[in-house]
Structure formats: C-alpha cells, structure tokens
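We begin with a single chain expressed as structure tokens, specifically the form predicted on its own.
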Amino acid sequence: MDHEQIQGPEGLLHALDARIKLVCVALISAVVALLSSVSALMIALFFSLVLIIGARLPLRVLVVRILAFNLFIAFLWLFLPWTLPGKEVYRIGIFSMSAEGVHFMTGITLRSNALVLMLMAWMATTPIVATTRALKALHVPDKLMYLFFFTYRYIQEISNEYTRLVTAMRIRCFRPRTDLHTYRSYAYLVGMLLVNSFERSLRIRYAMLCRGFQGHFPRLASENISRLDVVSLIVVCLVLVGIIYVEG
C-alpha cells in the first residue's frame, strides 16, 4: 500500500505505537478469518468502518481502492453461488443459484471487506520505517523484515522500469496482437525487466556497502508504550471478545 498517497490528516490511529498496531492487526485478522456467522462478520465490518473513520483517510483514494478490490469479489459472485450444490433459490435456464452458495459468498464478501478496511486503517496510518522498526521490536526474523522493507521501497522502481520498457516498445511501433511476434516481445520484456531489476539490486547493494551497511539497520532508542496504546489494545480485545461471543 502506498502510504504517501493514502495518508490524510492525522487522526487517533496516527498517534498509536506501530507495535500496538501490528499486534491489533494480527489479532483482528486471526479472529475475522475464522468467523462464519453473518452477524459476527457484519459486526467486524462495522468495526472496520469505525477504524477507517478514525484513520481519516482520503475518501477518494479509499473509494477507488475498495471498488477495485470488490471487482474481484463481484467476479466470484458470477460463479460460486451458481456452482455450489444446495437448496435452489433462483434459476435461469439450466443454471440454479443455491442458498449455500449465496451464504458462502456473503461470508467471503463481508470477511474480505472487513479485513481490507481494517488493514488500510491500521497500516496506512503508519510510516513504512515505523512499521519496519515495529517488526524488529516484535522479533520478526531480520530476513523477512528486510524483504518487506525493500519490497515496499523498490516496487515503484520496478513499476517505473516496466513503464519505460513498454514506452520504448510503443515508440518502435509495437502493437500487441495474438501472434508469435507479440508473445516473443512480451517474453523479452519480462526478461529485460528481470535483468534490469537484478542489476539495479546489485548497484543498491554496493551503494549500501559503501555507506557502511553491515547487514542490519542501526536501531534507535525504542519509544515507550503510552497509556493510549494500552487502552486501544484493551478496546480491540473487548471488541474481539464480543464478536467471538456473537459467533458462538
């Protein structure tokens, strides 16, 4: 997620410690992923909407990303309710929609939107550097932490390189068609993208070594957990207990 693009005016979630945010994300994700009751999932979705309001994210960017995500969910609605066996609730010709399929897709829709909104609320209000330090403080393995940080840091660079290569192909009058020349051209494009990305990674590594990088980032003095952080964690735990009670 592009933090620079989606961050808005600072709200309550911006003031929370990144370690607390990661713990909350892990707890909420684990609980919501295991829910099956529609009522419990609706409560989880409502809680995610409350977090989004508290995060004060830009409405336009938020709506665009949610709509883009739900296009995939809409695609699933075209197939799963019509293919899962069960009690028939609607029929079009030889195709019938089952109640079990509708219930299954309703659960997927509520669960996925609740998780996406929750992740956007928690993580979009945390700078990537703070998230990386929080992962370190929570004893996430260094290799995973650095993989996360550098993937985020340089994914835009790879995207820019892809755009540059595609622009170069278009300048040379390339027009994609369903023929062998098009397939070969795209294969060359992918190959060049991999080669250029590998060469860039070597230059980045040498630049870091020249600056004294020894396999780890200098660790600054960790911040103390505030009373607001503790209260926020307790509130999240109470909400999750309530959701689990409704699920049971």
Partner chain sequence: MHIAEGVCSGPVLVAGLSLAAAGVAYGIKRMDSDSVPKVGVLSSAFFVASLIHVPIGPVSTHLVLNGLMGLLLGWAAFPAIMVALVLQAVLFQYGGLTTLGVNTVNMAVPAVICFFLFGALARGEGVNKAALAGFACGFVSLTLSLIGVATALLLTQKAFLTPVKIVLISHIPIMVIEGIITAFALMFLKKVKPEIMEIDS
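Basically, rigid core = biggest C-alpha set you can superpose within 1.5 Å across the two forms. Positions refer to the first chain, counted from 1. What you see is a predicted model; the values in this text were computed from it and never measured.
In what follows, reference is made to the form predicted in complex with the partner chain, a form of this protein that is not presented.
Undergrad: Would you check whether the partner chain, in the predicted complex, lies within 4.5 angstroms of a non-hydrogen atom from each of 97, 137 and 245?
TA: Contact check failed for every one of 97, 137 and 245.
Undergrad: Determine whether any heavy atom of residue 191 comes within 4.5 Å of a heavy atom of the partner chain in the predicted complex, and answer yes or no.
TA: Answer yes; at least one heavy atom of residue 191 falls within 4.5 Å of the partner chain in the predicted complex.
Undergrad: Residue-level question: is residue 42 within 4.5 Å of the partner chain in the predicted complex, judged on heavy atoms?
TA: Flag for residue 42 set to no.
Undergrad: Would residue 60 count as a contact of the partner chain in the predicted complex, using a 4.5 angstroms cut-off between non-hydrogen atoms?
TA: Residue 60: no contact with the partner chain in the predicted complex.
Undergrad: Contact with the partner chain in the predicted complex for residue 102, defined as at least one heavy atom pair within 4.5 Å: yes or no?
TA: Residue 102: no, not in contact with the partner chain in the predicted complex.
Undergrad: Which residue, 240, 233, 25, 16, is the contact with the partner chain in the predicted complex, using a 4.5 Å heavy atom cutoff?
TA: Exactly one residue meets the criterion: 25.
Undergrad: Out of 93 to 128, which residues reach within 4.5 Å of the partner chain in the predicted complex, heavy atoms considered?
TA: 104, 108, 111, 112, 115, 116, 119, 120, 122, 123, 128 sit within 4.5 Å of the partner.
Undergrad: Superposed on the rigid core, does the Cα of residue 174 end up 2 angstroms or more away between the shown form and the other one?
TA: After core superposition, the displacement of the residue 174 C-alpha between the shown form and the other one reaches the 2 Å mark, so yes.
Undergrad: So, superposing on the core, is the move of residue 146 at the CA at least 2 angstroms between the shown form and the other one?
TA: Comparing forms between the shown form and the other one, the residue 146 CA shifts at least 2 Å.
Undergrad: For residue 207, is the C-alpha shift between the shown form and the other one 2 Å or more after core superposition?
TA: The answer is yes; the displacement is at least 2 Å.
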